[in-house]
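One chain comes next, on its own, written as structure tokens: the form predicted alone.
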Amino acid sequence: MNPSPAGPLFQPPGASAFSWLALLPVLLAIPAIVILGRGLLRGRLPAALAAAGIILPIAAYGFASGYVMEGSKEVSFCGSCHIMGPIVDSLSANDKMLASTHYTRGLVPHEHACYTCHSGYGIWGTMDAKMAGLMHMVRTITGRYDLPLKLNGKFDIASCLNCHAAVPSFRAVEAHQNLELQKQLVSGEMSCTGLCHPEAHPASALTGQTASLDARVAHR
């Protein structure tokens, strides 16, 4: 992705803020190590310290997991996988594709652009997105994926309607007012993309190949 212009005006509020969630696991782990070390040296611990020695590591693990899970919402996390790199790069390409249009116009949060569109509505949508992301990582590590990448399951229109349903310009579109069309879209019989709107990502980005890799292949 293109480097961001310098200057405070081009930095989202809170972008450089310190994350206390990242520090909490360390603050909890240090006394836990001291307590457990004391137990190893003395062979036993008072009941209160023993309980703290159990609770503190569990709490540290919980906060650390929360920090990692929160960080997995970031576009940079998605782009850290080389297979997803070309897709993330295409966001800022302004290539008229659906994802790029939303990203370059600021219609989705830049830091959480992938998560915003790929997570469904409500708590179950969040859980589904996290599970899908975990399986993406497993497939990447094990090499169990096919290129070009394909969208699994039906198009989730709820992710679109979460933002667009109440927008006057969306409601004013004549095609959107057709009740039969509405039923087909909501039921998943018809997709927003491909027919009326461009696909989310360019086909070239779904190959998982970077420009440098393409160049090396071309010279063989």
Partner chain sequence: MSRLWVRLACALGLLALAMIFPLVARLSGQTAIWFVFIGMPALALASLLYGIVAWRAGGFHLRREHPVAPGHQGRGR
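Numbering follows the first chain given and starts at 1. Note that the rigid core is defined as the largest set of C-alphas that superpose within 1.5 Å between two forms. Owing to the predicted nature of the structure, the values given are computational and were not obtained by experimental measurement.
If you look for the form predicted together with its partner chain, you will not find it shown, but the lines that follow are about it.
- Relative to its partner chain in the predicted bound form, residues 58, 65 and 138 are all within 4.5 Å by at least one heavy atom.
- Here is the short version: of 134, 107, 127, 147, the single residue with a heavy atom within 4.5 Å of its partner chain in the predicted bound form is 134.
- By the criterion of a heavy atom within 4.5 Å, residue 94 is excluded from the residues contacting its partner chain in the predicted bound form.
- Interface residue remark: residue 198 is not counted as part of the site for its partner chain in the predicted bound form, having no heavy atom within 4.5 Å.
- When contacts are judged by a 4.5 Å heavy atom cut-off, residue 203 does not count as touching its partner chain in the predicted bound form.
- Its partner chain in the predicted bound form is not approached by residue 194, whose heavy atoms all lie more than 4.5 angstroms from it.
- Residues of 31-64 that come within 4.5 Å of its partner chain in the predicted bound form, judged by any heavy atom, are 32, 33, 36, 37, 39, 40, 41, 42, 43, 44, 45, 50, 54, 57, 58, 60, 61, 64 in sequence order.
- A displacement of 2 angstroms or greater separates the C-alpha positions of residue 37 between the shown form and the other one, with the rigid core held in common.
- Here residue 66 does not count as shifted, since its C-alpha moves by less than 2 Å between the shown form and the other one after the core is aligned.
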